[in-house]
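So this first bit is one chain, no partners, the form predicted alone, shown in structure tokens.
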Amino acid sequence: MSQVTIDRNEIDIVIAAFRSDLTSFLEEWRPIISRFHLIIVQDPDLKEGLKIPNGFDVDVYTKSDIDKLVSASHASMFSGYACRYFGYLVSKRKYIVSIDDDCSPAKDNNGDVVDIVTQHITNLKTPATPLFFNTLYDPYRKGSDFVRGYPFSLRSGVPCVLSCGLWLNLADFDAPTQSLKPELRNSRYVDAVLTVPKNSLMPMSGINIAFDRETVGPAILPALKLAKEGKVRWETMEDVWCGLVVKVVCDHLQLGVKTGIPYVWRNERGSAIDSLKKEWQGVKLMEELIPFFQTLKLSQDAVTAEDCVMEMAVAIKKGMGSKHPELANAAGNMVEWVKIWKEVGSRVLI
């Protein structure tokens, strides 16, 4: 395997800020992210100014920046955890690495600090294998390869456009699971990454991800808002919905998604029991969403991520919007997101 080159000019680190003092968070991450450009998006509901230590190349975006770019009727798309998507929108670089501000750097089985940027970009710059499953994980990693019986015609793989990292300590369980098992923590660091097979959906977690913004950025979008959505991960579904959308897009466009390393250490935040009532709507909704997305087919006319999102929005509104008003709103947000994405992109080109 050839060594992957990490070009700092290709990468933006996007962080959503839910607390005013980011000093301890950024100091923990300084050895890993200080050489990259940072985009920090402040939650519009956070009134205090941000405290950011010196020594970072950073642009900060606030509610006023969001209001300048988005109409008042759609500004709520970027509230709470969804404010990070504003960072995805204004970035001008090929790759985005995004982490929640309740995460710290993890350590691997050798006790070494995990460099999530290098590992995410390595996942993205090496092919994915969604068309045929390789039982020895990612064949492009050092020390691995394709197993016996793997067709040589498929060994070139497809471009990988989304890397979904994992979590030590507080794993991304849902509120019912964490409430029933309040002491459950993930202490297993599995040094592996694999491709999610084609036609297999997944509940993407936005806690620790990276993606190819140029190729699939328009499909990494804020759309679904629960009626009682809150400020902790248990109380949101925006990233899970986004994962359903982007996986259908990737399958249609013959692109790949990987999951596994890199890990982050996720710190405690919120109460699963308190969040249970807020997330329950989303838990029930998933039982209907999965069959719908499993049968969703896009036309041959959809040749870009933008095309796919627009077709999906029409199908979602028609197929589920009348029964679930929140899904009709999500479909509308998808259309608006593509419009905003194109508008911002045209400004960059001028």
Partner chain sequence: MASSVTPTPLLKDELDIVIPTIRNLDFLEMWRPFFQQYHLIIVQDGDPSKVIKVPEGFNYELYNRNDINRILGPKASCISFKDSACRCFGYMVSKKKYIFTIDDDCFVAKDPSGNDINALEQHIKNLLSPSTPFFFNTLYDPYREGADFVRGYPFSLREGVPTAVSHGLWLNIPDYDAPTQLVKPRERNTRFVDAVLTIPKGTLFPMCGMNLAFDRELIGPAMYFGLMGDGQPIGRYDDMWAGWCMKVICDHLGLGVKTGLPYIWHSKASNPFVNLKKEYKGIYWQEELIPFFQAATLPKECTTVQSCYKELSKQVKAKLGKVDDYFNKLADAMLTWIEAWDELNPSAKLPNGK
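Note that this is a predicted model, so its numbers are computed, not measured. Residue numbers count along the first chain shown, from 1.
Below: the form predicted together with its partner chain, not depicted.
Shown alone, this chain has one stretch from 120 to 128, 68 to 76, 237 to 245, 216 to 224 that lies within 4.5 Å of its partner chain in the predicted bound form by heavy atoms: 237 to 245.
Interface membership of P176, defined by any non-hydrogen atom within 4.5 Å of its partner chain in the predicted bound form, is confirmed. Among residues of the shown chain, T135 is one whose heavy atoms approach its partner chain to within 4.5 Å in the predicted bound form. By the criterion of a heavy atom within 4.5 Å, R141 is counted among the residues contacting its partner chain in the predicted bound form.
Contact check for V283: a heavy atom falls within 4.5 Å of its partner chain in the predicted bound form.
Relative to its partner chain in the predicted bound form, residues V147, N186 and V190 are all within 4.5 Å by at least one heavy atom.
When you look in the predicted bound form, the only residue of I273, L194, V158, V113 with a non-hydrogen atom within 4.5 Å of its partner chain is L194.
Residues V147, R148, G149, Y150, P151, F152, S153, R155, L166, W167, A171, D172 are the ones in 147 to 172 with at least one heavy atom within 4.5 Å of its partner chain in the predicted bound form, listed in sequence order.
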